[in-house]
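Only one chain is shown below, in structure tokens, and it's the form predicted on its own.
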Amino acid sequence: MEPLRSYLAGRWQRPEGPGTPLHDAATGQEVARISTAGLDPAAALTHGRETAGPELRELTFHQRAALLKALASHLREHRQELYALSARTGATKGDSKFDVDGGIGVLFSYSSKGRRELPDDTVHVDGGTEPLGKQGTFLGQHVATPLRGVAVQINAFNFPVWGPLEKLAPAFVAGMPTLIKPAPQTAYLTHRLVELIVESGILPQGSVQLLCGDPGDLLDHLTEQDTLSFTGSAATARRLRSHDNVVRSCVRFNAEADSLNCSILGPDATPDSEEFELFVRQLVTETTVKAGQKCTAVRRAFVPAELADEVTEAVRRRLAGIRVGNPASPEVDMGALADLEQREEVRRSLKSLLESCRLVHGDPNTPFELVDADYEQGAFVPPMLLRCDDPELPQPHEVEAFGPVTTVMPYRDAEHAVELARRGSGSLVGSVVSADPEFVRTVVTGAASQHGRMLVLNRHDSAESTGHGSPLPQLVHGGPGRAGGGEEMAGIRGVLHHMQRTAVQADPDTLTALTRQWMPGSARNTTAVHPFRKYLEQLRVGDSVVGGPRTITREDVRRFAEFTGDEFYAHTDERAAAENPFFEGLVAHGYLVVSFAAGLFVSPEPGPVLANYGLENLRFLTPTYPGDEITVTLTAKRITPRHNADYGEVRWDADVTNQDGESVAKYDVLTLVAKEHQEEG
């Protein structure tokens, strides 16, 4: 059997030599071989920087996001093939869906967020404008642009599809090409994934590269423009972080490491409560999904001391019903570990844990009943439940058995539960199963600084809860300390990890030209054609209309109060209004000002403007009194075409001023504007 090819520098390359064999986790049969002998990682990095990078950066965020959606749809059509190959990693059908569907879901999520939250441009405007001078001619603005390097990812064996895709998605949206280095044990599944990506032709050539095997001198060739993301053991993360070139070149490094995650059952639970059942069910799920080979699995289960026996017995009964064996069998609930070496590692860790714990269920050192599988050939272990009656002992808080192993421990009160949770020295996730808000607040606020994510599970949210062990692309995945000290995904935060934030200081017109977003103080274009009469293609940033003035009368204020029911005293009681320290007398409603401003800037006849779908950042800055005259200036601030749609979005800057030129209200108006020519496809 020849070694798997790597996809480097735009072509599939076969390594030299026989390679290292990889085995089916359930049967022990050889599946593939891997090697990187004779391959050139440095050339791959150069190809990514010089060929793929420039092409990606020419695309806008929206164009890159649209390609991700197309890729996700393509991969979804090949799920069954990926499921079948995933079974050889020891994964059941459910495990495979968790991995494959989860990874595809990340692509869909980043495609959506990229188009909704980022501009249809190559520069991201990060935060608001900072005035740096009194006259408004000198401004500061943070912008983010793609790093001009390669996003290198080194992945763990447990999620050979989700792992690469959850790192690829934010990097691709940012405009960085990716080089994937899969873990050896399950590299053949990642290899097929990359084959599907390359065969699709959807992504620009070189956007994704694959190095199957030992990374060799890959890290020696990273630069300050590259990023390095790692998922795996805390020990390996430390070695990568301290690599001479990674340190010398200040390579952006992100680690997501294994951790001793915990779940805490609240004292409000009773053996017949919904929370008790939810806790037990979650603990069994987190122990058995992927045979416990999840960096988010529950390793430490803290329960009220008076419930420790009931919880232990309830979990033991459930685990006793778990059928272990060949993951291809529909009768099997839990498959194998990744390989025989991993089985030995779990046995070694269990031995350390048993110095302070006792085994309640499962023994990996003696044969046990298997479904359609051989104990000697496959990397099988039973689900294991441990009990530690002295939670002050160190082993449960320091030793992780990366398999189907969890330990039940008692706690005294909320403060004790917090103390025990924090002894994990940094975790990816913790969960609190309780319907007591005060207990939840105490635990979450007390333990949060040692956790990247915390789940509250109870009868109120269980129907929709995504579960303790499921990272979401919208939320942070990572954690402090032992968990690696990094962050992955987290929506657009993950995209910005692959970009450089730069503070730009300039005049308003220059900043407008740079960001393609109208800046305060920049020139406005006022023409005879009302902006609302222009189609999306005809509009330009800075197009403006001035409406007014209109005098606000006392009768306007009275009728507005009567019509809307807003009879707050400042609008209806002259004496009471005068006693208010912020007003000099009767004041017009702020929403009256906004409503009258709309009447001043709108062009009412049917035309390209299809709808007003929102108003944001509204601030009332100066009171408006009867007798004041208001004028509104509406300026096209940002224009965002929607791809494959016959309209786009326009954000308008609205500035309402009084007769003295003082701003009385400022806000953004959001509209949908038709395109003159519809896009095809």
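We number the residues from 1 along the sequence you see. What you see is a predicted model, and the numbers here were worked out from it, not measured in a lab.
Although not depicted, the form predicted in complex with a small molecule is the subject of the following passage.
Novice: Heavy atom within 4.5 Å of the small molecule in the predicted bound form: which of 552, 257, 278, 443?
Specialist: That would be 257.
Novice: With the small molecule left out of view, choose which of 426, 382, 232, 548 has a non-hydrogen atom within 4.5 angstroms of it in the predicted bound form.
Specialist: Filtering the options by heavy-atom distance leaves 232.
Novice: Given a 4.5 Å cut-off on heavy atoms, tell me which of 174-182, 324-332, 269-277, 365-373 is the interface stretch with the small molecule in the predicted bound form.
Specialist: Going by heavy atoms within 4.5 Å, the stretch is 174-182.
Novice: Can you check whether residue 314 is within 4.5 Å of the small molecule in the predicted bound form, heavy atom basis?
Specialist: So residue 314 does not count as contacting the small molecule.
Novice: Would you check, heavy atoms only and a 4.5 Å threshold, whether residue 302 touches the small molecule in the predicted bound form?
Specialist: Answer no; every heavy atom of residue 302 is more than 4.5 Å from the small molecule in the predicted bound form.
Novice: So in the predicted bound form, is the small molecule close enough to residue 400 to count as touching (4.5 Å, heavy atoms)?
Specialist: Yes - in the predicted bound form, heavy atoms of residue 400 and the small molecule come within 4.5 Å of each other.
Novice: Are any of the heavy atoms in residue 345 no more than 4.5 Å from a heavy atom of the small molecule in the predicted bound form?
Specialist: Although the small molecule is absent here, residue 345 would touch it in the predicted bound form, with heavy atoms inside 4.5 Å.
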